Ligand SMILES: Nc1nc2c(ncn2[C@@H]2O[C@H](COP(=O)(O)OP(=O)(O)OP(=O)(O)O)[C@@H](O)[C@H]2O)c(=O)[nH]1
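The chain below stands alone and is given as structure tokens, in the form predicted alone.
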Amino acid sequence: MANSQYEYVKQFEQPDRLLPNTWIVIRIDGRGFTKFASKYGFEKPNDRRALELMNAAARAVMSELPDITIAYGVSDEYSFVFHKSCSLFDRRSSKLVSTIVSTFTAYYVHFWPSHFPNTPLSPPLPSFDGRAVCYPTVQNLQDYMSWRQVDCHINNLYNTTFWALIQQGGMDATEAEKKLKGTLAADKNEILFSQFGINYNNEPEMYKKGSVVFRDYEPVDPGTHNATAEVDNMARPVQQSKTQAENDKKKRAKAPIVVEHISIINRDFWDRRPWLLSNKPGKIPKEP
């Protein structure tokens, strides 16, 4: 590029590189989604169509970006995790965030007609914002994921009870909020069951646990490895040969990307899927 008198403006650009050898989480949230949900008549407390649309967009993002190892979504938010050893992408915060946000938003709009066929989009269109956070250890990453899933449960139990009081109990929002102020989980469960015959344990798992998206390989026996220790003991990312990197890329492309509604707080989830921590593709499941 030729030099010009205007090139001095490049001096205003500041570095925003993320820490090396850390787990990078890009978390996106819907912008103004309370009004957006109201505009399009999302069902309360949960709209399955809207949640499945979020999941479809997340799967598409993972399909396009093989460096993402796992994602977790609830309501209008999604967290995408890049493995700490991954060195094949630009580690600039602005680059990663803008890539995830723009790709997710594009697929959200693209898949909208499939989930809301009778409700065409109109301005203001859906949009998302995002942030990047680095986590140095496996425990930090797992605690982050656990935090989001616990938050899902707490919010869903509250919202399920809140909307039951309004939709079936005839209360307005102020009365429902007052009724629930200071209540514990057991209190909300009792209100649901005694007043409305709702057993919270029977609510759909997607509402209670959120959605976990990952490439699926054959599960392994937890006693055959210690992926956590291996990853945390890495002082620097493992350098792969070009051939090995290409082979891993092909394996990831062949692995099915699944959406599960299961506990990620339980260590068993991670122990049976060591590839999530090791970043080494597993054995492709056999066709049923």
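No experiment lies behind these values; they were computed from the predicted model shown. One rule holds for the numbers: they count along the sequence shown, beginning at 1.
Form predicted in complex with the ligand: not shown, discussed below.
Sole residue of 53, 37, 257, 60 within 4.5 Å of the ligand in the predicted complex, by heavy atom: Partner contact (heavy atom, 4.5 Å) among the options: 37.
Just to confirm, with a 4.5 Å cut-off on non-hydrogen atoms, which of 31, 261, 27, 251 contacts the ligand in the predicted complex? Spelling it out, the residue with a heavy atom inside the cut-off is 31.
Check whether residue 43 has any heavy atom within 4.5 Å of a heavy atom of the ligand in the predicted complex, and answer yes or no. Yes - in the predicted complex, heavy atoms of residue 43 and the ligand come within 4.5 Å of each other.
Contact flag, residue 79 vs the ligand in the predicted complex, heavy atom cut 4.5 Å: Outside the cut-off, so no.
Would you please decide whether residue 75 lies within 4.5 angstroms of the ligand in the predicted complex, comparing each non-hydrogen atom pair? Residue 75: contacts the ligand in the predicted complex.
Looking at the partner-bound form in the predicted complex, is residue 47 within 4.5 Å of the ligand by any heavy atom? The answer is yes: residue 47 has a heavy atom within 4.5 Å of the ligand.
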